[in-house]
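Shown here is one chain on its own, the form predicted on its own, set out as structure tokens.
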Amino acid sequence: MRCTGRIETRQVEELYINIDPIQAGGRLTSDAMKAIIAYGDGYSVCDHCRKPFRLDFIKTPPVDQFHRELATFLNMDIARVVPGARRGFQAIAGAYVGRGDPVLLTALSHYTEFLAVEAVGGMPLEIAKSTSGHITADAAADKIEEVKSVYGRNPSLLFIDHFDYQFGNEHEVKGVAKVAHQYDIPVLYNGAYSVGILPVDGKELGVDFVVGSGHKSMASPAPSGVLATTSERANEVLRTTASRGDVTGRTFGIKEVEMMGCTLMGVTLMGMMASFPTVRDRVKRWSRELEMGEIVVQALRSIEGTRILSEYPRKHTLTRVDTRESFDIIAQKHKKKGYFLSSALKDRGIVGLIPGATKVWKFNTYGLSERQVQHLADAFVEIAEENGLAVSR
């Protein structure tokens, strides 16, 4: 089946169990699918845009209300939609980081956080992870003191991931934020793997900004995301334009500089809005998602030579696995080499594992039913046993 002569129809979610770590939380709801069809035209949400000609003031559809609901959802004061979490990082870095300014990230930060700092000329510096793979408040304090000693000033901004993309480990956000604020450093909470997946309370965590990914964790089309802030910081990161044309004398109302005016003009915003009631409800079932993930983790742990590299017990459905002493041993002799594992999984209706990966890899069970999770767990065990690996049942 094809959408056009050159574009094949994507049927991954309809035909397979998908364990791709970055796709699990972005599966669209049926309501979002309908919204995409209705609002697919480029500037579709602008039909009823009136003065002051800004996205968050549009009442039909209720875009203005959606912005307020997002802020409440995250327990922050003001929210904006953005074209992905990375554009949220970029907006905040643009507001606070000057050329040559030291900025704190972590040894587990996503590359887009580095690029956001680099784009404005800042110096990205890493807080080291602990031997257990965690970012701690003590490590943050040590790094701040190091920066002060070397550069003679505090970092201008600190990024902290709630759950990192490499291991899905939970980090000491609240403690890190408390330390940073003792040095008057604003804190950006990266919730790419948490906002829309599990409950997030920005004020309880003590952060200045919450950034989330719509297409990664809020059942939304790409690129979409959210940036929320406290009222104390809003005038800094959401400053309005003061530009005036020197020849025409033109001014541009209350367009927000870091937002480049409006952000999500059509299908991405409407898909995000349509999925929001489901997203707002599903975060309440986070404990069940962890229970489902544990079924697969236990199955993998039963295979001799397989190690879970993420923290255990698991606190997230994204998990990093080391199978160098199990599935990779099979790969060395198998006629399909490393592709045997992804091939054997696909034969069982499972996709999302990087083809050829048998050493260290990740998976995500978020959103799968109990029946799907059990099938996935059984599949790993069956593949192991069929290829001569010992399994402890």
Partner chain sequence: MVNLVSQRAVDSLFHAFFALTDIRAILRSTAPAHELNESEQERVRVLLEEMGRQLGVLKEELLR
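Quick caveat: nothing in here was measured; it's all calculated off a predicted structure. Numbering follows the first chain given and starts at 1.
Only in words, not in the display: the form predicted in complex with the partner chain, which the text now covers.
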The stretch from 65-73, 343-351, 320-328, 357-365 that lies within 4.5 Å of the partner chain in the predicted complex, judged by heavy atoms, is 343-351
Using a 4.5 Å heavy atom cut-off, are 132, 142 and 308 all in contact with the partner chain in the predicted complex?
-> no
Looking in the predicted complex, any heavy atom of residue 17 within 4.5 Å of the partner chain?
yes
Inset, instruction - Consider residue 332 of the chain shown here, and say whether it contacts the partner chain in the predicted complex, taking contact as heavy atoms within 4.5 Å. - result: no
Given that the partner is absent here, does residue 34 sit within 4.5 Å of the partner chain in the predicted complex, heavy atoms only?
yes
Would you please decide whether residue 385 lies within 4.5 angstroms of the partner chain in the predicted complex, comparing each non-hydrogen atom pair? no
Looking in the predicted complex, the residues of 343-377 with a heavy atom no more than 4.5 Å from the partner chain, listed in order, are 348, 349, 369, 371, 372, 375
